[in-house]
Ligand code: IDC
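A single chain comes next, written as structure tokens; it is the form predicted on its own.
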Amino acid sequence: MKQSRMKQSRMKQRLVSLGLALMMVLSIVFMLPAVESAKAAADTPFSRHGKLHVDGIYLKDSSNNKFQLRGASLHGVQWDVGYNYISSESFRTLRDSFGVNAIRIPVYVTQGGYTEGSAAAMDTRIQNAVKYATDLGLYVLIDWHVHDAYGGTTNPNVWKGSAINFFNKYANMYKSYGNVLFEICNEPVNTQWYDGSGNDLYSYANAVIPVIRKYTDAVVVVGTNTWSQEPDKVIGHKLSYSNITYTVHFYSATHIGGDGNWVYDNVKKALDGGIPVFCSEFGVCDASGNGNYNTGSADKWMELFNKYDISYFCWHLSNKGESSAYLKTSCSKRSGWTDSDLTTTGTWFKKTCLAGAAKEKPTGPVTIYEGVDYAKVFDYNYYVNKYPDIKKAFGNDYYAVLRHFVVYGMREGRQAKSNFNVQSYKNAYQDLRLAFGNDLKKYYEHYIRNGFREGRKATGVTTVKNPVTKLNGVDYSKVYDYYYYINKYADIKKAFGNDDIATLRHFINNGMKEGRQAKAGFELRSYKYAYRDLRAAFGNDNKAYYMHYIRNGYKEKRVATGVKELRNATTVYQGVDYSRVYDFTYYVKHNPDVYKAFGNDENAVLRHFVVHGMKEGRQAKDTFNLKAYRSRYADLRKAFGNDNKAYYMHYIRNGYKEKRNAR
């Protein structure tokens, strides 16, 4: 309200207070710890209630329960440079000590405000305020604070273009924030709700709200005429948008709570007419904001608000030296306020909010968190009894236990209900493993949304069913069997356990290169031994043999098991065929040092024979004996003397055709 006849004196007071506030910049600021304890972090207003919406005359949370915002209103953000109450520490004290669940950010349009040169500085403070409140799980009301500062007419249509630009910016900026609400005009004066002129509040709302709705369906709070004291005038001309509520403002020493007061009666008329009402500003003093208190009248207003779950925001957080300020002028602290720091407004507001917070706190287990019901996978008693660390940390803090499960427990794979075990659910369904991998939280969420309804089994499955054999479009089932692989290799089982996708990935990336056998029907060594053409094509590229069998060998019915010795080993080296003097099997059998050095590497063994074996006179085939060949033919001894290799080469090129005896 803060009626026009009182505005000029209040402006003078503000200027004096601003000077004092600037001097307080050097005062000591008592800060709370920057990091919340696990228990404090476990339970916030937004984590409990999620995104809000309007249903009939009620504001409701994401679980469709009636919900009441208990809000603290800041002073105009253009002046907060002196007060410094836009801080995480201030908001934390309001939340934890006062029971506040929302912060109002008044963006003054005039009075040196947003349209009068302060937009850039105010943007920074607005955005800081939203950040601090959001980090603390508080709701935020961004208020386009149209205010009759100079005793004249305050019609929001005067600043309609600026309002459109402002909400276009902030609705877009906070479109994904479920905790942000928008108030499109604070206290219109001397303009009607609806008169058909196109210059009324109804027309203004129809110009501004579509801008917000381009980005978000967040709750929009709409100011009503005569300093937002006549929500009943909306009857018959209610806006057509969803999630809209309408303001009432009162100051309890001027607008006495109870039947017979015109503002109080206007609220009841509006409610009876199906109009949702939202108190975005009130005071415990008179309408000047700096007069006498009437807490009894304020209590009467709260009875009405509590009956209909009407949200309320108390004016205002500062030590400004006004009746409406929460803090005494002697209090320079920015947080951690004690009762001795509070004015009558601050004392009454704290008591009222704490009473509301106490009623809101659950007296028994809960299963709904941010609008999702976890009852299908969560039971409070089961969870705390199964995990003593949870019980020790949170005890009977029902929201904290549920939040731990949602934020940490599901990711850790903790079981919170007897009929849902995430590992069992994962083991049972290949489609889920392919979709979610090791993101355990996804399995819980799937069961809640789909699996329970589909009748999927969620307990008792201790081994992986229908293990994955296909990855990146390739089906490895011809060379891979999950159970064979983990049972054959203990290191694989230890490393990957029931993770069939990780096990398959290991086989693809490592197992094939290492030549590990992953199916009874395919043995790399056997496949390699059996086919000279494959050895010639792939050499020691083990993976290539597996891939060949998958793509070709299986269809060609090639043998892939049971071959113990190298077949049809190569005899050609650098264009020369040594088959008349060399046989791989004979050579490695009679020369164990060669086999020890090269194993079944046919190319290396042949190379050894050509480069070293012939010079050393090693026998590599039963049909060619160097000593016999040399002793039998004098012409060869005369020609080659002690050049052993020459005898082998002569037999290859001439002796065999001449039918010389080399045994």
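Residues carry their position along the shown sequence, with the first being 1. Predicted model only: the values in this text are computed from it and were never measured.
What comes next is about the form predicted together with the ligand, which does not appear here.
- The closest heavy atom approach of residue 288 to the ligand in the predicted bound form falls within 4.5 Å.
- Among residues of the shown chain, residue 546 is not one whose heavy atoms approach the ligand to within 4.5 Å in the predicted bound form.
- Contact between residue 320 and the ligand in the predicted bound form is found at the 4.5 Å heavy atom cutoff.
- In the predicted bound form, at least one heavy atom of residue 145 sits within 4.5 Å of a heavy atom of the ligand.
- Proximity to the ligand in the predicted bound form, taken as heavy atoms within 4.5 Å, picks out 105-113 from the listed stretches 329-337, 105-113, 457-465, 90-98.
- Judged against the ligand in the predicted bound form with a 4.5 angstroms heavy atom cut-off, the residues 67, 311 and 399 are out of contact without exception.
- Exactly one listed residue, out of 200, 379, 187, 523, brings a non-hydrogen atom to within 4.5 Å of the ligand in the predicted bound form: 187.
- Screening 247, 503, 324, 252 for any heavy atom within 4.5 Å of the ligand in the predicted bound form leaves a single hit, 324.
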